[in-house]
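Listed next as structure tokens is one chain, alone, in the form predicted alone.
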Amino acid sequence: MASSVVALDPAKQERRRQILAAAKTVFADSGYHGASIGAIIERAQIARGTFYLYFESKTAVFDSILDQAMKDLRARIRRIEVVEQTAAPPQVQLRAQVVAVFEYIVGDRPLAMLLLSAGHTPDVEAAERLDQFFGEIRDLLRRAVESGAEIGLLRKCHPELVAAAMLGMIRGVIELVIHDPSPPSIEVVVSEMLTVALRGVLA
């Protein structure tokens, strides 16, 4: 678990963000197994003692990266509003949320590379933590599918299976976009994904 940080101290928060950003890059470049605290310290340009003021281990900083990513993703995924008369149509709300999620992940290449390492790291603890992260994402997708069916946007289906299929597609698309030297725009990516994902489940 990450060491506590004084929440209201902007300087400490900024230093913590600096360490997390450096760690993401090191994990993306070297993988969890190949990364070291020394490499993170060198990348962040801080003293070793400074690192340990914020994180007790490589595992702690890795966990913090995934915790922050989950927090950021949850902030971009909201229940579709159908009661408020001024709300945009459900399909428009859905598209906006998917665009926001993809812009966040693809816009942070080190994070995307770290997430794509799931299933490839020889470190058991890191693999389990990534599996837990994607399990939470799959649960978010399952609940989104259930909500979509409740409001009549989606047909009745098997939420677990649909969520798993959607997660697999999302990971595959992110991998393609990250490694493509000339990737399509986020708008094009989202349009294709929604067409594939929803054509079979629209009410």
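Everything numeric here is computed off the predicted structure, so don't read it as measured data. Numbering starts at 1 and runs along the sequence shown.
There is also a form predicted together with the DNA; it is not shown, and the following applies to it.
Student: When the DNA is placed as it is in the predicted bound form, which of 44-52, 65-73, 144-152, 164-172 ends up with heavy atoms within 4.5 Å of it?
Tutor: Only one stretch qualifies here: 44-52.
Student: Does G135 reach the DNA in the predicted bound form, with heavy atoms at most 4.5 Å apart?
Tutor: Looking in the predicted bound form, residue contacts with the DNA do not include G135, since no heavy atom lies within 4.5 Å.
Student: Although the DNA is absent from this view, report whether S30 comes within 4.5 Å of it in the predicted bound form, heavy atoms only.
Tutor: Although the DNA is absent here, S30 would stay clear of it in the predicted bound form, with no heavy atoms inside 4.5 Å.
Student: Is the gap between D9 and the DNA in the predicted bound form 4.5 Å or less for some heavy atom pair?
Tutor: Because a heavy atom of D9 falls inside 4.5 Å of the DNA in the predicted bound form, the answer is yes.
Student: Does the DNA come within 4.5 Å of any heavy atom of I37 in the predicted bound form?
Tutor: Yes, I37 is a contact residue.
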